[in-house]
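Given next, in structure tokens, is a single chain: the form predicted on its own.
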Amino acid sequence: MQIVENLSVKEKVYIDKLENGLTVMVIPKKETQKKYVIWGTNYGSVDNEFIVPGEKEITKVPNGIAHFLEHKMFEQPDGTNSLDTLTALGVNANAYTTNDHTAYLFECTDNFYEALDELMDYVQHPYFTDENVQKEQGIIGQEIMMYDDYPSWKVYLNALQAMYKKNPIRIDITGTIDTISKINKELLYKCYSTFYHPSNMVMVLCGDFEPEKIVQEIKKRLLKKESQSEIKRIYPTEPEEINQKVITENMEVSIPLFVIGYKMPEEAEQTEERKIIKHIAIEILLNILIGKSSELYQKLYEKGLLLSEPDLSFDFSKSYAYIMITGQSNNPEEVEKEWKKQVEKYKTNGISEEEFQRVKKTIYGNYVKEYNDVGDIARMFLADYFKGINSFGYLEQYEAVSKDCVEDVLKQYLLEEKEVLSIVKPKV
């Protein structure tokens, strides 16, 4: 068992790669009442074209199948639902699908081993029939229509569609009513057996655990599986240029929503250190430019152009990377204009040492705060693992991020030709 320690937050992660390929990560939190378990597979909405290990032909599956599979995993042959079973134990359980992974989780103070039994049973025993698949098509169809009416989801999805021409990240995680109608039990079993193999999965546990003991408990509950070679994932070749400069949609909103986005190169072969340094530099940069304490935010807030602090995000995987600034404004076009002026001003004048240090300290404080909650810790370690990162790296590489790094990111990635604007406006 590998032990990785971070002295600044006084935390350790115990990592064990089991015989069947499953990676187990335990972050002990002594004297904590809550226990949190999350079991994830490196399988998300973008994985719609692949070669199954041992096969030669390419398998293409309908959009939305990873999310559909996540929904179906709770159903049991005896008619019960594992989510209901876990809730009856007094356990807070859930599941979710992202672009690059699917996860099943629970949090509890009592009945931990009963809940672990249920989690490890339902994730390892899929049950699909023609009838239950057809029923789920109706349920997810309603969910798709509901998401279509969510302005905050639509403004985000439209920003991705403005950036990307071919990459499946531009497609809604849930798919469409048409694509999910093509899903059947055979396809679900095929995707399950391909992507839910232990070698493609990781389990993260955070709470008052003895690492060696809990790993033994997990081993007891694991099914024996033959080893599997790597899944070959196939993604379309994405053009470097953006797909569309502006997308505007009218919906039931009182105040317009906007996303200013930047399409970035994939850079799939980066080292772990490079990924982390770039990520920290982007966070520092965005906060300098338009964070709560920035000159631009104060100006836009005082003018009534921004109603609250915008959400600043950077996401990436092997096949995509993008920056998004999301907010509300009665005049999104004016916000974008002021934003672009600020970007050019900083490119010309550079960043002052004082604001760089001030924002850098704030970002570090935010990283440390993430270690206060067992759920935040477990979800963070899981998501970072699938990106090829150990979460402690953000604390360890923090000092390596210089003002020059941040200015390089500014000049390299905040490019006019890679920028898009997505707006959701009130219906007239």
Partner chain sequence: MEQKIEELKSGIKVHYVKTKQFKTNIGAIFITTPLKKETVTQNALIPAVLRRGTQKHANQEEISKELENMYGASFDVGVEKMGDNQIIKLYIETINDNFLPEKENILQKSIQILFEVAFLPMIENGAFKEEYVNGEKQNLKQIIESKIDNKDQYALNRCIEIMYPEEPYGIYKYGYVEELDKIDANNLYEQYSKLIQTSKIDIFISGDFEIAEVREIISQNEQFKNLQERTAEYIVNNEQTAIKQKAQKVNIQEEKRDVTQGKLVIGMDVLENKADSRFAISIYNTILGDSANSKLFQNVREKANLAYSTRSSYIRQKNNVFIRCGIDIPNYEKALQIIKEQLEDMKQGKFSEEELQSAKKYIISSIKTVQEEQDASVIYYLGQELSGYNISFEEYEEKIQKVNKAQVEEIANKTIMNSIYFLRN
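Positions refer to the first chain, counted from 1. Every value quoted in this text rests on a predicted model; they were computed, and no experiment measured them.
What comes next is about the form predicted in complex with the partner chain, which is not displayed.
- At a distance of at most 4.5 angstroms from the partner chain in the predicted complex, all three residues N111, E143 and Y371 contribute at least one non-hydrogen atom.
- At least one heavy atom of Q328 is located within 4.5 Å of the partner chain in the predicted complex.
- Although the partner is absent here, D311 lies well away from the partner chain in the predicted complex, with no heavy atom inside 4.5 Å.
- With a 4.5 Å cutoff on heavy atoms, E252 counts as touching the partner chain in the predicted complex.
- The closest non-hydrogen atom of G365 lies within 4.5 Å of the partner chain in the predicted complex.
- Stretch 88-96 is the answer when you ask which of 225-233, 186-194, 88-96, 156-164 has residues with heavy atoms within 4.5 Å of the partner chain in the predicted complex.
- Residue in contact with the partner chain in the predicted complex (any heavy atom within 4.5 Å), chosen from E241, D78, D130, E302: E302.
- A single residue from the set E118, D315, E336, E107 has any heavy atom within 4.5 angstroms of the partner chain in the predicted complex; that residue is E107.
- Although the partner chain is not shown here, in the predicted complex the stretch 146-162 places heavy atoms of M146, D148, D149, Y150, P151 within 4.5 Å of it, in sequence order.
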